Ligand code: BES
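Before any questions on binding or motion, here is one chain by itself as C-alpha cells, the form predicted on its own.
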Amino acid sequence: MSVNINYKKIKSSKSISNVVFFVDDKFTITNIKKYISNKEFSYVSDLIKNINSRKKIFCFDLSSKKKIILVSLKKDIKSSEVENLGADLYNIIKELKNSEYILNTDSIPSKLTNFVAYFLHGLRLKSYNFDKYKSKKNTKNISILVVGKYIPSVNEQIKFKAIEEGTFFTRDLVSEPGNILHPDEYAKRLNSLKKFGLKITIYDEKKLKKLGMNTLLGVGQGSARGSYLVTIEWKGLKDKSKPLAFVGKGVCFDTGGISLKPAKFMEDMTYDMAGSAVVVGLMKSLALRKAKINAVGVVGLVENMPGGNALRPGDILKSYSGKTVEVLNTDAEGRLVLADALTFTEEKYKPKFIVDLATLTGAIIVSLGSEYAGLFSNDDKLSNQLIDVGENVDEKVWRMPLNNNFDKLIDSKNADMQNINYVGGAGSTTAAQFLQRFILNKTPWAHLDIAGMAFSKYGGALNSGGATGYGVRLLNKLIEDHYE
C-alpha cells in the first residue's frame, strides 16, 4: 500500500467526497460549517452529541460515497502527539474502501507551528511496510490532497521527506534477510549513495589488515563473506570545521560464532546491523535535505559465523588502537567491531563528538524494555542534548552509569582487557566501559544501546511492526536543534 500526498493552496470544495477536518478537543464543528451543506452539518452535529470524547478521530458516513473524518486537537499539543495523530489517521483510512481524501488545513482551530507537516510525517512513517518478498502485494494507492493556507512550506516538505526517506532506507536495510544483505552486498549498496553527494570510502579486508583492525576482522573471520569498514562523508559547509561523527555496528547476521546462540529467535539476528543502518539512513537524510553541517558516518560490516576459521574463546586480538583484547565469548562481538571503528573515527576525523549506535546487549532490554535506548556517555552536554531531543521526537533515551568500578570488571589477566564481564551483572554498562577504552583523546562520546528499540514484533506508534528506524529522527533532531 502506498500513500501519495499533494499540495494545493485552495479551499476545499463541497463536492469533494472524503474530507478530513480538524476540530478542537470538545469537537466544536462550527469551523467546518462553510465546507459542507446545512443538512450535512445538522447530521454531524447530532452524531457528535453521543461520541466518546476519549477518542481523537471519528469517521462519519454522510452517504454511501461521502465521508467526513474529524480529528480532535487538544491545546498545547506536542509535535510527537501530532505525529501520532497522523499515524492514527492512516490506521483508519487504510481499512476504508475509499482511496482519495482532502485534508482541509483551513479547519485547524488554532495556529499550530508546522502542525500539518508533523501530522503528515506521522502518517507517512506509519504507512511503511516491507513486502518485497511477498508474491501477493497490497497494491492499494491512497491519495491525499492537502489544501488551504496552512500547508507546509517547500522547505518543510523537503526536510520531512528527507527524514522519511532516510528512515525508510534504514528500515529496508534492517528488514532484509541475512542471505541477501550480507557484508558484500551491504558495501555495494552503500557505494550507491554517492549519487546523493556523499563521499563513500570502502575499506576491504586487505586494507583493514594493513591498518591493523584486528578486532573487527576477528569477528568476521569465520564467514565466507568479506568484512568491511565503510565511511560516509557529508560536507554541507565550505569550511573545514570538525565533523559530527556517527558510528554503527553492522553485524549482518549474528550466530554468536563459536559461542553459539540458542536456535530459538536466532532468525531475529538479521537486525544485528541496525546500528549501522541508522547511521546510513541519517547520512542519506542529511544529504537529501542539504544539511548545513559536516558529518561522517562510519560502519563496520561483518558476519559472525562459526566456521572453521572462526574466532575462538580465549583468543587474543590486537586492536587498531594497539590495545589487546582477550575474547572470552565470541557472542560479545559487536563491541569488537566498534572498538576499531571508534578509534579510527576519532583519529582520522578528529570530530566534535562521536555517537555510536548498536544492538549491543540483551541486558539493556531487561533494563529498559522497548521504551528507551540505553545512553552511556563521557559528556554531560551531549547526554542532555540527546535526552531532550529524544523526548521531542519520542525516540527516548535513558542515561545509564559509567564508573571505574565497572571498568575494572573487564580487566584481563592475559591481555589489556577482556570482552565480557564474567563476574556477572551490569552487562550493558560493562559493554559501554569496554567501548570507552577506545576513545583515546577525550572526544565527547555517547553510546546508544538500541537492542530494545531497533525492531518491534508488535509495532509502535509510528511503525507497523518489524524494523522501526529508531535513531534516524533522534540524531537528525540533535543536529537540527544544536549543531546546524
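Keep in mind that this is a model prediction, so the values were computed, not measured. In this text, residue numbers run from 1 along the sequence as written.
The discussion below concerns the form predicted in complex with this ligand, not included here.
Asks: Candidate spot Met269, Glu333 and Leu360, all three in 4.5 Å heavy atom range of this ligand in the model of the complex?
Replies: Yes, the whole candidate spot contacts this ligand.
Asks: Could you confirm whether Ile420 comes within 4.5 Å of this ligand in the model of the complex, counting heavy atoms only?
Replies: Yes - in the model of the complex, heavy atoms of Ile420 and this ligand come within 4.5 Å of each other.
Asks: Asp254 versus this ligand, in the model of the complex: is there a non-hydrogen atom within 4.5 Å?
Replies: Asp254: contacts this ligand in the model of the complex.
Asks: Is there a heavy atom of Asn329 lying 4.5 Å or less from a heavy atom of this ligand in the model of the complex?
Replies: Yes.
Asks: Can you work out whether Lys261 and this ligand are in contact in the model of the complex, taking contact to mean some heavy atom pair no more than 4.5 Å apart?
Replies: Contact check for Lys261: yes, within 4.5 Å of this ligand in the model of the complex.
Asks: For the interface check, one of 390-398, 361-369, 161-169, 89-97 should have non-hydrogen atoms within 4.5 Å of this ligand in the model of the complex; which one?
Replies: Of the options given, it is 361-369.
Asks: Mind listing which residues of 193-218 have a heavy atom within 4.5 Å of this ligand in the model of the complex?
Replies: Residues within 4.5 Å: none in this stretch.
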